[in-house]
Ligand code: PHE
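Only one chain is shown below, in structure tokens, and it's the form predicted alone.
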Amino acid sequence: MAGATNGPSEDLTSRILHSLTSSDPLLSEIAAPHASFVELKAALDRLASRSMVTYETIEKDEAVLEPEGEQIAANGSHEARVFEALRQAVEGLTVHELEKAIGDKTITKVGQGKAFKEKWISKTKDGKLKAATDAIQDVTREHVLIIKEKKTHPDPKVLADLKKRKLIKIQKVFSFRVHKGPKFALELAKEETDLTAEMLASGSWKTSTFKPYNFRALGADQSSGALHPLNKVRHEIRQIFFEMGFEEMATDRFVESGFWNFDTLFVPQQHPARDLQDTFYISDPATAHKPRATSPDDKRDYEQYWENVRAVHESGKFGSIGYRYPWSPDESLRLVLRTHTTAISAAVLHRLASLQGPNGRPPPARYFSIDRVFRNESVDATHLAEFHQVEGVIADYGLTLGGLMEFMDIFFGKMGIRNLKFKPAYNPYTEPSMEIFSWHEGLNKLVEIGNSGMFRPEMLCAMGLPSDMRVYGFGLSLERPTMIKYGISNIRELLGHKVHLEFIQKNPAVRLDKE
């Protein structure tokens, strides 16, 4: 089949069929990578689908000379050329004279080392190089010539050594052994692809040959969209919240006033988190309206809430002594890109305070949110100026710190994270507060995975919630579990301009471990 792989498809199939009339089986070898491999296999598949031929594919490795190997096959090995130059110069040569005699510095340098190792040459007292024997056997050239003539060598150690010296390379060779099939013929019969009304009317369908369906064909790539890995992990975490009876909060307000983002959470106006170095402030417009109802159904007393927040900051209220500083309404109305979704939680809890359950008191509730927040931070491998926060809030009567710890064990257990450790921490709006740690097998150390606590009375009572209602709050980032699940070490490979589209398209949906 020499030269049979260069023509068009129709001509190639015809050549295969005519070649089989004189040689059965027919053998064809193609070195890969080679464009004709695809063409030849396509032609064979076409004939095989019609049962005109059968074939098998045989794959083997073959040694091929590199350019340096070809040079050795023609002129001898480097060490042999060095020896021959010194043998002809009876008195010996300096290194410079040897380079001039051979005409190639690389051959001279490599050949010297090999020749000294084989003890073919030696050095005289005056520093010259000379031949140390009368004759040598150029084994390297012999091995190279065997490979050039027979395309292989029986000794694997020889092949490994020549490959290490970059004299040869190993390439794949595909052989097709082709036999005549049960419906062998010298011409391709025309195959119909559709059963038409005309064929039924004339009866020609009875003698027509129909092309069989290929039920194994993969079909064309549809270039469909793909979910980002963050969305895949977000979906799994949402399902965990829904399984545990949580209601999702609306988180479409990226811009908040300082009142909702800080003041309602009992964050003092002198807190470092409110500095320009940590928070993005809006310049146009720079301030918000005072909290107010935005629909006729909203019956909450916003004015009283405003005054409660002012009082609990300035002089204390609801059993608290407050921060004892002059609280500024202007600072409270500055617009910021929200630094946490807890601002949404505060608004939802304020709405909960206006609801009445069967006993005339606010009913127990569970809320969660997963959305983007913004911090004025330096970008590095683990930090971005924006990220996603996962937050949960549980409001009920008779809640205790032990109950929060038990809930955290259950919640993170559904994500496959167990053996939690808790460490006391400080948050302006929770007391007591706890950082949550878990043992990371890969890093072989405890790593922080979240934060939690019980919201302070200064925050809850100002909203109008009953004094005996307690609220758990906990949160974690969405990026950290995503990076762990997908093995990402640099957050900029997960979000931003460094993300590869193939990474988005190829990564599978994540399945968090569930109890």
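Worth saying up front: this structure is predicted, and the values here are computed from it rather than measured. For every residue, the number given is its place in the sequence shown, counted from 1.
Omitted from view is the form predicted in complex with the named molecule, to which the following refers.
Have a look at 82-90, 429-437, 107-115, 207-215 and name the one stretch with heavy atoms inside 4.5 Å of the named molecule in the model of the complex. That would be 429-437.
Report yes if any heavy atom of Thr482 sits within 4.5 Å of a heavy atom of the named molecule in the model of the complex; otherwise report no. Contact check for Thr482: no, nothing within 4.5 Å of the named molecule in the model of the complex.
Test of understanding: in the model of the complex, would Tyr55 fall inside 4.5 Å of the named molecule by heavy atoms? No, Tyr55 stays farther than 4.5 Å from the named molecule in the model of the complex.
State yes or no: in the model of the complex, is some non-hydrogen atom of Pro457 no more than 4.5 angstroms from a non-hydrogen atom of the named molecule? Close contact is absent here: in the model of the complex, Pro457 is far from the named molecule, nothing within 4.5 Å, heavy atoms only.
Please determine whether Gln389 contacts the named molecule in the model of the complex, using a 4.5 Å cut-off between heavy atoms. Gln389: yes, in contact with the named molecule in the model of the complex.
Heavy atom within 4.5 Å of the named molecule in the model of the complex - the one residue of Arg334, His350, Arg375, Arg274 that qualifies: Only one option qualifies, and that one is Arg375.
Using a 4.5 Å cut-off on heavy atoms, which residues of 96-124 contact the named molecule in the model of the complex? Heavy-atom contacts within 4.5 Å come from no residue here.
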